[in-house]
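Only one chain is given next, in structure tokens, and it is the form predicted alone.
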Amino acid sequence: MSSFADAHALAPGPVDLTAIDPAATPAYDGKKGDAEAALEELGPELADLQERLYANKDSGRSVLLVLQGMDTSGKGGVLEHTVGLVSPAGVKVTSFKAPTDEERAHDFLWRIEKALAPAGLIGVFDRSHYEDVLIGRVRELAPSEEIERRYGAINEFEQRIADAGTTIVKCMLHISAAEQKERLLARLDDPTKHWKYNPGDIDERARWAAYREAYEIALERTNTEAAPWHVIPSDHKWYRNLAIGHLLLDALRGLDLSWPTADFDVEHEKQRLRDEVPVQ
């Protein structure tokens, strides 16, 4: 495993996010430009392994990257700069918004199940089923006993899909309140970014401590062997992108994928092509 995995894998037990510096860069001592170049250097191997995963789709294997974090923590940036290093044909991205009336009529995991990537693909959840124990807890969108039930339901769900062949990479993008404020101000200063701004983001900042507590509970209760959490310091975008690039590379390498053996006689097919009548 990479040094990034070692640095950011969440230890079992109670979680204190205030003890994790969101501006830290513990697994990389280079500068921003160096990190951006290092991320680009991961591209060829990531693309090769993603293609191998697709070529081996009959094996039932897939990868699920879960990106969870406060607004402006960089989920979209990871999609662009890190996931964007592989072919879009091999990726299924789902961005979860507030559930529809139809989705509310089902269990909270119903829409998550439907969004899972098929075998051979990298699935990416931009937000995820964890919204139902984060905003659901902070905004009291469900009774407390239902929120409690959901932690166990999440663990059972993730264990089931892991057993079925999905490698799960869960990343909590850990950003400071001060950095979020700067990013929100930057959006307001740039007319091309106004579409990304939601006045409700300021209202949510007033609940920062409640969200931190909800994250700490969710991280502790759902940090399992089948689906461990990684807390990624995200005040530095370049470090966040590089760290998740290494975690994704670790996951793909761990599948130990080789190219499928041809189920036909290669030399015979070559001879058929040599012997064919020229196309007019």
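Heads up: residue numbers just count along the shown sequence, starting at 1. Everything numeric in this text was worked out from a predicted model, so none of it was measured.
Same protein, other form: the form predicted in complex with a further copy of the same chain, not shown, and the subject of what follows.
A.B. asks: Flag Tyr54 as yes or no: does it have a non-hydrogen atom within 4.5 angstroms of any non-hydrogen atom of a further copy of the same chain in the predicted complex?
C.D. replies: Judged by the heavy-atom cut-off of 4.5 Å, Tyr54 is in contact with a further copy of the same chain in the predicted complex.
A.B. asks: Although the partner isn't part of this model, could you tell me whether His236 comes within 4.5 Å of a further copy of the same chain in the predicted complex, counting any heavy atom of the residue?
C.D. replies: Flag for His236 set to no.
A.B. asks: Wondering, does Arg212 line up within 4.5 Å of a further copy of the same chain in the predicted complex on heavy atoms?
C.D. replies: Contact with a further copy of the same chain, yes.
A.B. asks: Closest heavy atom of Asn155 to a further copy of the same chain in the predicted complex, within 4.5 Å or not?
C.D. replies: Outside the cut-off, so no.
A.B. asks: Work out which of the listed stretches, 112-120, 132-140, 99-107, 76-84, brings a heavy atom within 4.5 angstroms of a further copy of the same chain in the predicted complex.
C.D. replies: Residues of 76-84 come within 4.5 Å of the partner.
A.B. asks: Scan 253-280 and write down, in order along the chain, each residue with a heavy atom lying within 4.5 Å of a further copy of the same chain in the predicted complex.
C.D. replies: The stretch touches the partner through Trp259, Pro260, Ala262, Phe264, Val266, Glu269, Lys270, Arg272, Leu273, Arg274, Glu276, Val279, Gln280.
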